[in-house]
Every structure is written in C-alpha cells, then in structure tokens.
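The form predicted on its own is given below as one chain in structure tokens.
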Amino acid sequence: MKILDGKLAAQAVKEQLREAVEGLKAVGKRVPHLAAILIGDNGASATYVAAKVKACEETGFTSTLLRYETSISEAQLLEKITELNNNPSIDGILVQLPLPAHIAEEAVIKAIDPAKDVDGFHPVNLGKMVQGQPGFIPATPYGIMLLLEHFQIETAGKHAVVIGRSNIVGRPMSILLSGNNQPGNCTVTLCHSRTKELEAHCKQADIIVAALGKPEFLQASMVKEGAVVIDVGITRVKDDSKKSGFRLLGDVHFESVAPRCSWITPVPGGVGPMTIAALLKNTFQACQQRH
C-alpha cells in the first residue's frame, strides 16, 4: 500500500505556478488575482478559505478576501459579484459554500462570469467539460486528476466506481475518468444512494472515488485487493480528546481499507490540498486568457 500524498503533489503544482508567476513578473506582466467571498462564521469554511489565501501567497498570486455577515441579502451578494465581474484587476472569483439558507446557491453560481469561475461550477464550464472543450474544471475533480497524474497512476482500461452524484464532485469525476485523456479512459460506474448491490459494484472496481459525505462508509469488505482508493469525504466529528474538539474523518474506513489497496489517499492531506492546487491552476489559466 502506498499513500497518494496530496500535500506532496500540491506542492509540486504550486512550485510550477510560482515559477510561472516569476516569469510574468520578469517581463512586467501582472500576476493572477483571486477574489474569495466568505459569508458568516462557519469554522470549516473559514479554514478552507484561509488555506486558499495562504496558497495564493505561496505562489505569488494576489488575493482579496471579502467577508460578510450571514445577514447579507441575496441581492446584496449578487451586486458584489457583479462588481467583481466588472473589475478588470480580478481574474478569478470564488464564493465559499455552503451559503446561508436564504441565499440561492444556484443563483450565486450563475451570477459569476464564466471567464472568472475558477471553481468550475458555472453551467457554461460544466457544459464545456462534458463536451471536452477547454474551460474551468470543478476544482476537486480536477485536483484528483492532477493527483493521479503526479503519481503516474495507470487508468486506461480500468474500471472506476464513483460513489456520489453531486455536480461538484461525483458527476464531473465520472466524466473526467471516462474521457479520452491520461488520466482517463476508464470504464466508469456512477453509484449513489439508490444504487442496488453497491458493495458488489465496488468489489469489481480497480479505482474507487468515495464522495458521498458519510464518514467511514467504505469498508474493507467493499474493496478488492490492489484497488486505488480516492477519499473525497471530510467530516468533522466531535472528539473531546482533541484540542480542537473534533477530528476529521473521510468517507473511507482507512485502517481496514488501506491494507487492501495499491494506493490510497489520507484524510486530511489527500484530496484537500489538491483541490486548492487545482483552484490555483484555474486562476492562472483565467489570468492568461484575459491578458
């Protein structure tokens, strides 16, 4: 069993981007600028955004963090997004999810200019991905593809099972793995809460991507010997023995599953850092396309 170390792979991506940014500076060109919107005081969201801002600093990007109270109205938020869309110094825009209940997530995603949608959630970018056209790929699936590429995981002709059908991870992941690329060229089975005989599907898989948000859902009995397992889940579970008061669990029961795998991602330190690395790559691409 080997670890798919997301921190290591993400560092390699950030180093490439840092060198590219230095190259832009050397010829007097502007560097990528990412604007992030954070609403409320959700601890997990604040942690994620802080990590994204820090990654921008490490790679030489400019970043702007806009924080608002949960009382902000949907109309006010959409107005702020329009301002960022029209700001020529901003290359990428992300709105940290989840949003307060009174704000429609779909409306916010659609309000972002597709050319600045570095999270890759806009229907225009999702449509381009489905058709294999250049665009911004959703950051988490893109990060997983970069992780597979970094560790040179052979995917062509393999049977991949994706558990979870969200528009943010599951569905895009199934499309990317089945695409005519490397990594890619898999035969993909997309499973979800209504899938019958889920365990039987998983047992046939050479590659499993667990993205359903249920802590330690994937057990050793569901994984065949030598499989590659990607754990997308990350859930905060109360733990008074920890200084933070919680511990992080993935969708995979790591202790029992890991011995059966050829490769497996840890939680934390697997997919999470790669999501940020992919976000930075999208932001750099947005900057290049706009200038």
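So that there is no doubt, residue numbering starts at 1 and follows the sequence shown. Only a predicted model underlies this, so the values are computations on that prediction, with no experimental measurement involved.
Although it is not shown, the form predicted together with nicotinamide-adenine-dinucleotide is what the next lines describe.
Is there a heavy atom of Pro134 lying 4.5 Å or less from a heavy atom of nicotinamide-adenine-dinucleotide in the model of the complex?
No, no contact at 4.5 Å.
Taking nicotinamide-adenine-dinucleotide as it sits in the model of the complex, is Lys80 near enough to touch it, meaning that at least one heavy atom pair lies within 4.5 angstroms?
Outside the cut-off, so no.
Even though nicotinamide-adenine-dinucleotide is not shown here, does Val232 get within 4.5 Å of it in the model of the complex, heavy atoms only?
Flag for Val232 set to yes.
Under a 4.5 Å heavy atom criterion, is Ala211 part of the interface with nicotinamide-adenine-dinucleotide in the model of the complex?
Looking in the model of the complex, residue contacts with nicotinamide-adenine-dinucleotide include Ala211, since a heavy atom lies within 4.5 Å.
Mind telling me which stretch in 85-93, 188-196, 125-133, 148-156 gets its heavy atoms within 4.5 Å of nicotinamide-adenine-dinucleotide in the model of the complex?
In short, 188-196.
Between the options Leu218, Val169, Leu176, Ile207, which residue brings a heavy atom to within 4.5 Å of nicotinamide-adenine-dinucleotide in the model of the complex?
Among Leu218, Val169, Leu176, Ile207, a heavy atom within 4.5 Å of nicotinamide-adenine-dinucleotide in the model of the complex occurs only for Val169.
Since the partner is left out here, which residues of 135-168 would have a heavy atom within 4.5 Å of nicotinamide-adenine-dinucleotide in the model of the complex?
Contacts from 135-168: Thr140, Ile163, Gly164, Arg165, Ser166, Ile168.
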